[in-house]
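This document starts with one chain, in the form predicted alone, laid out as structure tokens.
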């Protein structure tokens, strides 16, 4: 009789252990700025990740009912602080990280993940990059443990310079970027690609500013104005873009702006009416694309957070991550990485492909121009300005992606 009770107790304990394992959430560490100059960018990203995770969980989660869970870590946009936070992540046994702002952080995290996984093959970590676009990360520094869900800066510059090349009125271009890997790559690519596509264009300035260091952009705007530049190309983001375009508006700078992040937090409000017809952005999505399936999500996100949805790719990343977990039938990062390689998926912003060779996502890109909203086309404004991206040019991903340089 005692043996039967003992066996029953063991069976019950085993059932509880199995149940706990099934119920245990799969944690994703979000390592991005939650304080400092770029806190607004980091908080907006965290809010979107949280909402899409809630949506996935509400639809049954992954692996037969397990939930995803976002755990936030503030890196203050500092590579050094990011390494401290990465140690906290591994100390907590979290096996997945995501980060996007910016490439200076992503570079050290890729290296840290590679070294950690080499030392700890039974506790590997997978890095899902949603916004750090230095092309080296999927070229010379390509890692099995890193996947990028944003088009890299060279892909975006190919699109922008092809667009510029067809506009003969553009004669003088000023390059204005942040002084770190990404900004340097934007400058390099612009010089190389414009030189080939429009050698008649004169680069009248090629300037760099410290990341998050400048508070008064008036002197820089005055310098740009003095060159007679008709066009500015900038990869600036966050306050480095918002404050710059605000100073440009106040100074009456007439140049057109070709931006990577012109539709990002605070920039539309800073530009206001001065953006009309003058500010271009390149994105994987924007709210005035006709019949876009992500629209209900974007509207609910704005209702909840009072923030306009910007990162279409965040939804893509988390949908692909969930699909890879289910395809792998496991939460083992190595198996999930293998499932992600070469994955095709129909998403809320269109069909996408994770290129197997270098872990670079292929997705359509759109060049759009800020236009006054008329309630029909374009219908939805940004940040209550009455203006929004519109008159877009779609660039299908298979036409604008070059093979990786290995």
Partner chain sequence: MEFFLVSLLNGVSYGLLLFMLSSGLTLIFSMMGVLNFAHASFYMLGAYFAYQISTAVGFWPALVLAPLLVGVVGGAIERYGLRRVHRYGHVPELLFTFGLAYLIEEVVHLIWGRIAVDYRIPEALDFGAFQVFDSLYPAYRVFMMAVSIAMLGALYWTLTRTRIGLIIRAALTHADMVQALGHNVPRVFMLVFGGGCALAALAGVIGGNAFVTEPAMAAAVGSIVFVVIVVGGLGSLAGAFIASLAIGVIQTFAVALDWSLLDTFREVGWTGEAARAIGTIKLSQFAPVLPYILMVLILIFRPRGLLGRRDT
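From a predicted model like this one, the values you see are computed outputs, not experimental measurements. Residue numbers count along the first chain shown, from 1.
Not on display, but discussed next: the form predicted in complex with its partner chain.
J.: Any chance 69, 93 and 122 all have a heavy atom within 4.5 Å of its partner chain in the predicted bound form?
T.: No: no residue has a heavy atom within 4.5 Å of the partner.
J.: Identify, from the list 193, 203, 295, 251, the residue with a heavy atom within 4.5 Å of its partner chain in the predicted bound form.
T.: So the residue touching its partner chain in the predicted bound form, by this definition, is 251.
J.: Within 4.5 Å of its partner chain in the predicted bound form, heavy atoms considered, which of 199, 219, 329, 277?
T.: For this set of options, the contacting one is 219.
J.: Pick the stretch from 335-343, 53-61, 355-363, 34-42 whose residues have a heavy atom within 4.5 Å of its partner chain in the predicted bound form.
T.: Comparing against its partner chain in the predicted bound form, the contact stretch is 34-42.
J.: Residue-level question: is residue 142 within 4.5 Å of its partner chain in the predicted bound form, judged on heavy atoms?
T.: Residue 142: no, not in contact with its partner chain in the predicted bound form.
J.: Would residue 215 show up as a contact with its partner chain in the predicted bound form if we use heavy atoms at 4.5 Å?
T.: Within the cut-off, so yes.
J.: So, residue 101 and its partner chain: in the predicted bound form, are they within 4.5 Å at any heavy atom pair?
T.: Contact check for residue 101: no, nothing within 4.5 Å of its partner chain in the predicted bound form.
J.: Is the gap between residue 243 and its partner chain in the predicted bound form 4.5 Å or less for some heavy atom pair?
T.: The answer is yes: residue 243 has a heavy atom within 4.5 Å of its partner chain.
J.: Which residues from 171-203 come close to its partner chain in the predicted bound form, meaning a heavy atom within 4.5 Å?
T.: Heavy-atom contacts within 4.5 Å come from 179 alone.
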